[in-house]
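Here's a solo chain for you in structure tokens, the form predicted on its own.
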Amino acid sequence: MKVTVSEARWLVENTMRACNHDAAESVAIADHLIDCELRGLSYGGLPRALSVFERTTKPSYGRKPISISHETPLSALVDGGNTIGYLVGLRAAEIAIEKASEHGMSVVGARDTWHTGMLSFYAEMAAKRDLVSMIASNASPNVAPHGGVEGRFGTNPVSFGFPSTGDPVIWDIGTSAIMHGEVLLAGRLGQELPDGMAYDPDGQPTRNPEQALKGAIAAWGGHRGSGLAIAVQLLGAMCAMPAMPKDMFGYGCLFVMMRPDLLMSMEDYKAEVAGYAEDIRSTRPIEGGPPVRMPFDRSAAERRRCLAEDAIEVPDLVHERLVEITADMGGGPS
């Protein structure tokens, strides 16, 4: 079904409050999840709110306040205390942006967290402050290396962001054939996975989401994607966490940011980025194919469209469950 952006935000914010996040935390998480929805990454939007609720309302779940365990003028290590990554990543990104803006560059690690979300969310924050960024987050071993059928690394998002005189250039990918959130959503909706995406516990190809979660997801891009995933696992280990976190917690997320004007004029660099982006877009497409796009073009266009239409498509089962959770919160979506 379709809901307005404000209705979707109300559901997310109040679902987060229902699982013991305070008002400011709930708004911050909703900012991230709603941006996922606006950009067409629905598996990371309202369905993810359900996953967060289900995990954080388990009796075994506990968290500590986010803190800084080590800091220098150019670096910091943010200890998440098992808090969700949308909040820990936001804190780390804000620190990295401020340090890089003041000193020219920064390295900030976020440790002991989970569900770091859309790394392009943080890269866009940095680009708005005229910073180049590289962000990488390791995760639990749900993905098999190329040639294997057992999990050894996570879905491992990695993102690069570049400021421009137009839309920023942001490349943000997961290094798995399908994202963990997509597998969870398929299971929730009773859908099968596409062919070639996953293996069951016996190492056989499967389209069953439940079996895929017990087995392993395939790597993206063959040996190249597998190699990139290994690099991301080791970058995450720089945040004082294991190279291979276990059981969907203990992730490490590394933020590296820098000002282009360390080497050249800021405006010249941003103009160069914009000009190069237009060179890419002007590439002659294959016969009968669509125009060539830059990374982030689709996301930015989809976000503008959804905001203009004030509409987000939500699976009925997800909407029904969110309404059930928030039924006693008072007020209701406007």
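Start at 1 with the first residue shown and count on from there. Being a predicted model, the structure only gives us computed values, none of them experimental.
From this point on, the text means the form predicted together with a further copy of the same chain, which you will not see here.
Can you confirm whether 3, 43 and 121, the three residues that make up this candidate site, all sit within 4.5 Å of a further copy of the same chain in the predicted complex, judged by heavy atoms?
No residue of the spot touches a further copy of the same chain in the predicted complex.
Counting only non-hydrogen atoms, which stretch in 79 to 87, 113 to 121, 187 to 195, 258 to 266 is within 4.5 Å of a further copy of the same chain in the predicted complex?
Single hit among the candidates: 258 to 266.
Determine whether any heavy atom of residue 75 comes within 4.5 Å of a heavy atom of a further copy of the same chain in the predicted complex, and answer yes or no.
So residue 75 counts as contacting a further copy of the same chain.
Taking any heavy atom pair closer than or equal to 4.5 Å as contact, tell me whether residue 101 reaches a further copy of the same chain in the predicted complex.
Looking in the predicted complex, residue contacts with a further copy of the same chain do not include residue 101, since no heavy atom lies within 4.5 Å.
Counting only non-hydrogen atoms and a 4.5 angstroms cut-off, does residue 279 reach a further copy of the same chain in the predicted complex?
Residue 279: contacts a further copy of the same chain in the predicted complex.
Taking a further copy of the same chain as it sits in the predicted complex, is residue 272 near enough to touch it, meaning that at least one heavy atom pair lies within 4.5 angstroms?
Within the cut-off, so yes.
With a further copy of the same chain left out of view, choose which of 125, 237, 213, 95 has a non-hydrogen atom within 4.5 angstroms of it in the predicted complex.
Contact with a further copy of the same chain in the predicted complex is made by 237 alone.
Taking a further copy of the same chain as it sits in the predicted complex, which residues of 188 to 205 have a non-hydrogen atom within 4.5 Å of it? Please list them.
Residues within 4.5 Å: 199, 201, 202, 203, 204.
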